[in-house]
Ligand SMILES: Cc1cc2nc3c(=O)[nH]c(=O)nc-3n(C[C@H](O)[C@H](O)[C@H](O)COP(=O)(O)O)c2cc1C
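Only one chain is shown below, in structure tokens, and it's the form predicted alone.
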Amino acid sequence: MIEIETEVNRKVNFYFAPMEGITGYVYRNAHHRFYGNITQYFTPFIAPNSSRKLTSREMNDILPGNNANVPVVPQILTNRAEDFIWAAAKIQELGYKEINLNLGCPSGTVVAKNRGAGFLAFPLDLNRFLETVSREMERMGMKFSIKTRSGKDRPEEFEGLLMIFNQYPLERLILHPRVQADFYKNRPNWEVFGKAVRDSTNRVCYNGDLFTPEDIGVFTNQFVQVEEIMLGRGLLKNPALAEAAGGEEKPDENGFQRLRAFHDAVLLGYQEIIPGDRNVLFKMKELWSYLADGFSEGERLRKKIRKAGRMEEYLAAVERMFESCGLE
């Protein structure tokens, strides 16, 4: 267990990033049950439109009964203020008190519609959107946060974007300091993030490429004033990452016991809501695309998991993974 040492005595709050197709309520419930030190879980985005209806998947993901005792923040993806406000009202009816705006998704299909990180290329429209939304969120008594990238094409865009964000009272500004064109290539730009820390009028949360307790330690020692970190792929690879980083990792009788129980809970959860083994296997294989990285021989057995066409084959491959491989 590695405990982070920082230059100041403070507690860092960890948030679980939304990962489309993976961190839905089945995954969140299992993670919250077996692992700790997560302050809030942000949901995969809801994409409201003129139909004024949430899909069954979107509604099921945020129903209070599906998130009992899990601290959840719903996220909305849109570039239309009226759609955001409508969805926020529906979400508020369910008892939520904070909404997050997605300005970070780099997906080509999302960006082509000028949503997610694509919205960053239109600062005048973005400012008008935020003016309307911020005013309405204040009227509704809802907290409002933003998850953003540093720009569409160039990091220099962030200076103008920050001037826009600073006009509004955000619960927090979550910055993944890459531009949309980077997707997940190149390294996050800590110089841009440093500017956000210095010049933002809102609380700033960091997101991007923190995969180990050592990574988190390096970051917190460089940015001693930052008290909020959002973790995504790092938690998918190591569900106990936030615990380890905070010096709160729970002891296991062996290296795999809790991870196996977590896996089984996710599998059971999907089996209860998804018809047919084929679709369940698709979800579990996606999970192993991250989890296997934490095993010493994970790549070899990940191929067997990926090739499994029946549940029996999948379970046998998973059994070999846990029996034959040591955790990194």
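It should be emphasised that the depicted structure is a prediction, and the values quoted were computed from it without experimental measurement. Start at 1 with the first residue shown and count on from there.
Keep in mind the form predicted together with this ligand is missing from the figure; the text below concerns it.
This chain is drawn without this ligand; in the predicted bound form, the residue among Leu170, Val179, Val204, Leu231 with a heavy atom within 4.5 Å of it is Leu231. With the partner omitted here, the residue from Pro213, Pro239, Gly208, Pro74 that has a non-hydrogen atom within 4.5 angstroms of this ligand in the predicted bound form is Gly208. Stretch 37-45 is the contacting one of 276-284, 261-269, 60-68, 37-45, since its residues have non-hydrogen atoms within 4.5 Å of this ligand in the predicted bound form. Contact annotation: Asn102 falls within 4.5 Å of this ligand in the predicted bound form, judged by heavy atom distances.
Though the partner is left out of this view, Ala308 does not reach within 4.5 Å of this ligand in the predicted bound form, counting heavy atoms only. Though the partner is left out of this view, Met19 does reach within 4.5 Å of this ligand in the predicted bound form, counting heavy atoms only.
This ligand is not drawn, but in the predicted bound form it has no heavy atom within 4.5 Å of Trp190.
Annotation for 134-165: the only interface residue with this ligand in the predicted bound form is Lys147 [heavy atom within 4.5 Å].
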